[in-house]
Ligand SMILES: C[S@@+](CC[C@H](N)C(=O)[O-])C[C@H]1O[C@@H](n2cnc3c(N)ncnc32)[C@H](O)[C@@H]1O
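Form predicted on its own, single chain, as structure tokens, below.
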Amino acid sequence: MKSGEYRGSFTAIATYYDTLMSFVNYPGWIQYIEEILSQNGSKKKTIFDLACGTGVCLELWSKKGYQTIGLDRSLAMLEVCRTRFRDSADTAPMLINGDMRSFAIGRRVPIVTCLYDSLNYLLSEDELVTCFRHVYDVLEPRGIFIFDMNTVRCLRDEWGNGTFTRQDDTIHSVWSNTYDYITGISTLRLTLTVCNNGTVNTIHEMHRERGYQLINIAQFLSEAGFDFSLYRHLTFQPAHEQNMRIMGVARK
């Protein structure tokens, strides 16, 4: 790879991803999702997590007694996930290297999750609709799909066009965002400089997310066959375009 060339998302940063995301209150997200499950009368203990990444949520679910399945396109992220469960083989998830635009797991499940704006990485309406349809197919009757998404406002106004830096332990990161008003796609050019025992490693990755209007998300869920509710993130208040992040609760 040429110096300064940007790699595809979730490849070189996999080893450092958990450190970069250490500010995320994953236990709070899990607690909120458990409230959703309770409100919807879901008592089954199997969860299939799309775009499971390094498996932080899979680990939290497994500690609560859930059987877990994870799918991710990134082999590097899955390898970190496997390492996470290295000393707890009895609770390790079934891990699948696959694409959330087209997947099959050979069984139906009661609960599917897709978290931390993973669905925003689907950059076309067709891709998002196809994902919703595959989720519908893999769910049991009366199964539930819980997901979050960044809104158009978040990508356009909050992330916008700008650059900021962070220091996380030995990792210095530069986050440079640009927003395309025509396509609705936000492009993040992420540069990590990692210092380790006197060795300096520089990593460049590119991440692209698209925001979707709530009316379109609702349309696509309906087309897939779901009944659904859209909420402001971590609340049970109806979602609004001015929110930064929304939660979707879709029922088969």
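A quick note: this is a predicted structure, and the numbers were derived from the prediction, not measured. Heads up: residue numbers just count along the shown sequence, starting at 1.
The form predicted together with the ligand exists for this protein as well; it is not shown, and the discussion that follows is about that form.
Annotated contacts: Tyr17, Arg73 and Asp99 all touch the ligand in the predicted bound form [non-hydrogen atom within 4.5 angstroms]. At the 4.5 Å threshold, heavy atoms of Ile111 stay clear of the ligand in the predicted bound form, well away from it. Using a 4.5 Å cutoff between non-hydrogen atoms, Gly53 counts as a contact of the ligand in the predicted bound form.
Put simply, Tyr116 is close to the ligand in the predicted bound form: some heavy atom of it is within 4.5 Å. Taking the partner from the other structure, the ligand in the predicted bound form has no heavy atom within 4.5 Å of any heavy atom of Tyr136. Though the ligand is absent from this view, in the predicted bound form it lies within 4.5 Å of a heavy atom of just one residue from Leu155, Met77, Ile146, Leu95, which is Met77. Heavy atoms within 4.5 Å of the ligand in the predicted bound form map, among the stretches 31-39, 65-73, 180-188, 210-218, onto 65-73 alone.
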